[in-house]
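Presented below, as structure tokens, is a lone chain in the form predicted alone.
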């Protein structure tokens, strides 16, 4: 098995049972594994709610480290619909040519910097800087601010010895509070300023609501984007023919993005709270218990995807749900896709080959299943084009 292989951790249970119960901080979760069941439950926001106690729908639960409700992530329609309408256009800005050009400048600069070094540790020296600097475009703030975010490391809620680190999370919360206060004093055209000037149900958004949107923006696309960029480099290192294929067929990039994100599924799953007892895939989900929507398992469902454990860059039918599904589909997906597209385009233009020197896998533990989600460390050598 190659370093860039991501085995299907849920295959056996998905095929035989379709659901896998496990315990999360004494709050049991029933993980749904089949594509059809995951999509159906994701669509049914009345039976499986997001508007529960702040932090509870995240797996692992963040109820012990967060009181602020992430918006619109942790609310349901009709409130969700109104909140999302306030930010939908803002999060579509990555489709603008000038935004894409900004991403290209960031990726080119970061790749040129590491190409001069040769051997690098991908996460700390490339993926994290690209993700952080790209986020300045999404927030519409000076790129200099990315230095602070880079100093936090890959995770904003986790540390080396804890999956949920309250003290580290407080750094993010305090930072956002301070930034909101700055913009209250000196209004600007950043996302902070736009939100503070937005109206929800006939009133200005509160500071707490603004903070909820910003926490989601900072946390939602951090380790997932970092995983995607890092995993993609590992794959292209072990599959140089794919690098050449993308170089020779630039029009393939959009299809390749969807296939790579399906295969890697950087976010394993997301939870919901059961509003009223319901039968799900032969499992009785009791009221006020949790289910999880396992995107990673659904994206390997043999009944939907032909040869699901292979990367097929020109895959024709690819209804993956790596960015979620239904009402709560990922708000930052447009930004993530544009960044992925630019990254592949610039990489194939500047890099001749990639060699893996060393890799330490990041394995998530979900009870009976251990899933590779990425790498804790990936040392590579980038060879530039002459």
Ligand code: HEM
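Keep in mind it's a predicted model, so treat the numbers as computed, not measured. Residue numbers count along the first chain shown, from 1.
Below: the form predicted in complex with the ligand, not depicted.
Contact annotation for residue 266: at least one heavy atom lies within 4.5 Å of the ligand in the predicted bound form. Although the partner is absent here, residue 329 sits close enough that one of its heavy atoms falls within 4.5 Å of the ligand in the predicted bound form. The ligand is not drawn, but in the predicted bound form it has a heavy atom within 4.5 Å of residue 335.
Under a 4.5 angstroms non-hydrogen atom cutoff, the ligand in the predicted bound form has residue 322 among its neighbouring residues. With the partner left out here, the ligand still marks one of 174-182, 301-309, 236-244, 267-275 in the predicted bound form; by a 4.5 Å heavy atom cut-off that stretch is 267-275.
With the partner omitted here, the residue from 261, 128, 205, 111 that has a non-hydrogen atom within 4.5 angstroms of the ligand in the predicted bound form is 261. The contact residue chosen from 106, 195, 135, 169 relative to the ligand in the predicted bound form is 135, the criterion being a non-hydrogen atom within 4.5 angstroms. Residues 216, 217, 220, 221, 224, 225, 228 are the members of 210-241 with a non-hydrogen atom no more than 4.5 angstroms from the ligand in the predicted bound form.
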